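Next come structure tokens for two forms of one protein chain, structure 1 first, structure 2 second.
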Structure 1
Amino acid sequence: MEISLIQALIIGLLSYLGSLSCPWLLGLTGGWYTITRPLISGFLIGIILGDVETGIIVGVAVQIVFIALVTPGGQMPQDLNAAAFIGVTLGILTVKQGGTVESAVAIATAVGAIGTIFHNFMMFTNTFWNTRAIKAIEKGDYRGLALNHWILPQMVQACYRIIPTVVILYLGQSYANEIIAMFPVESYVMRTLTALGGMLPAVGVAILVKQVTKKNIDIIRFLLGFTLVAAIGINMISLAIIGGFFAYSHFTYTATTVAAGNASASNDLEEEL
């Protein structure tokens, strides 16, 4: 599989539209929280490259790694945008060349780590426009404010996202193919990437469980789901329905308990009065 210049440009444009500070797709809602999720980007890249199935498979695998990624104040431990577009695309190429999905995950994760350099440098560059915007506000220059707050920062961000994506995917694909050819599936390098890629989703799920559990005993609920899949072979749709039932039951029980507690407290207050 080869990536044409038009395909690389389209993926680069999606990379910009899905970046953290891009406002054009309903802000963060349509951009960062939608098309930059590896599951969605894998589907879109699969359409662009003409292999939706591989795109979704790689996207889902990468999504699990970053499932618990948070960006407080725009600070990212890994650049999800680079992983979702550059990493997933390279992962698709790897799978099409005979590599494993696990190795594709390892490649996407490595790209995400390297991408933080571009992200942090872009954030550093934006401080220049912020200073100019503040000066425009002090002077009452609304045209200068719009220029330094909207137009110029978005132009810089577009360059930071589109140019590296296009260069890596279009000009670097030949080198990627050569590297994959040098290290077949049975080689030590590919087996190492496969092993690392197989562990990374577990790390992502573990971080997610750590964030959503309040007590250690809550992990039993997650272990039940894994047990149903491993022991019974239940599919994910059925598991989601079972999980929804328990969630609804827990919500109903909690609401009833709170209402009963409030009613009891109200009765005690009336007796005291």
Structure 2
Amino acid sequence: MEISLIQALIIGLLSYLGSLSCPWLLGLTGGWYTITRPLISGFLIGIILGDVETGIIVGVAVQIVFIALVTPGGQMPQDLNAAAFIGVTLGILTVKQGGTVESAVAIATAVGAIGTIFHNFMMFTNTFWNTRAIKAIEKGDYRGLALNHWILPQMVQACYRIIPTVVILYLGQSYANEIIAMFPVESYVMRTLTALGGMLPAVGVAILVKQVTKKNIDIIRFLLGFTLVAAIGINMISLAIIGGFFAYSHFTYTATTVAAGNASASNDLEEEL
């Protein structure tokens, strides 16, 4: 399988449309949270390259690594966008050339780590447009604000996303095959990347655990969910229903005690704020 220049360009364009700051697909909702999910990007790249099935299979495998990724305050431990477009495409190529899905995941993980450079660079250069936007606001210049908020940062962002994607996919595809061939599945590098790929979701999960627990003892809630799935093997919808039952009970139960312990309730609130 070979990627033509047109195909590389379309994938590059999708990568831009799915990047965190891109507004054109209803902002985060249609971009970052929809087409940049590797499951969806794998599907779309599969359509572009003419093999939807392989696209989805690789997409699912990469998606699992990044399932719990949260980006609090724009900080990114992994650049999902680079993993979802550059990584998944290279992964599909590898699988079509006889590589395993695991090595496809390893490649996407490596690309995701390197991709954080693009993201941080964008966050850095946007400061320039921000200072110009402040000047426009001080003059009440709506056009200047629109230019420095919508147009110019997005033109730069499009370059950050489209150029590396096209260059790596179009010019790099032959090298990629050679590099992959250099590292068979049982090699040190591939085994490290596979082990890392298995552990990486733990970072996202841990960020979330940190967010939803106030006291250390709250970790028991996380352990309940973990145990139900690990030991009993129920699926996610069932878990959501069980969790919903506990959440509802918690809500109703605290409602009856709150009148008696109003003071403690307001203390809780202060802690949260």
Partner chain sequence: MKKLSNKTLRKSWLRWMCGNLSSMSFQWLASFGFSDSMVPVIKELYGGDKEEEIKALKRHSAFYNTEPQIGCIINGVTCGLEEERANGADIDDEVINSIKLGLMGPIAGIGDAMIPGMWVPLLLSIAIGLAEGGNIMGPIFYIVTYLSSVTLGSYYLFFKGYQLGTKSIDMIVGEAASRVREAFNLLGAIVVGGVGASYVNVTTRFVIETGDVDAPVIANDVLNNIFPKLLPLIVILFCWWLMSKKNVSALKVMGILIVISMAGVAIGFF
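Just so you know, these numbers come straight off a predicted model, no measurement behind them. Here, a residue number simply tells you its place in the sequence of structure 1, counted from 1. The term rigid core refers to the maximal set of C-alpha atoms that superpose within 1.5 Å between the two forms.
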Report summary line: Same chain, two copies; the copy that is the form predicted on its own is structure 1
Query raised in the report: Is it true that Ile64 shifts between structure 1 and structure 2 by 2 Å or more at the Cα, once the core is aligned?
Result: no
Requested in this report: Could you check how much the CA of Asp218 shifts between structure 1 and structure 2 after a rigid core fit, in angstrom?
Outcome: 10.6
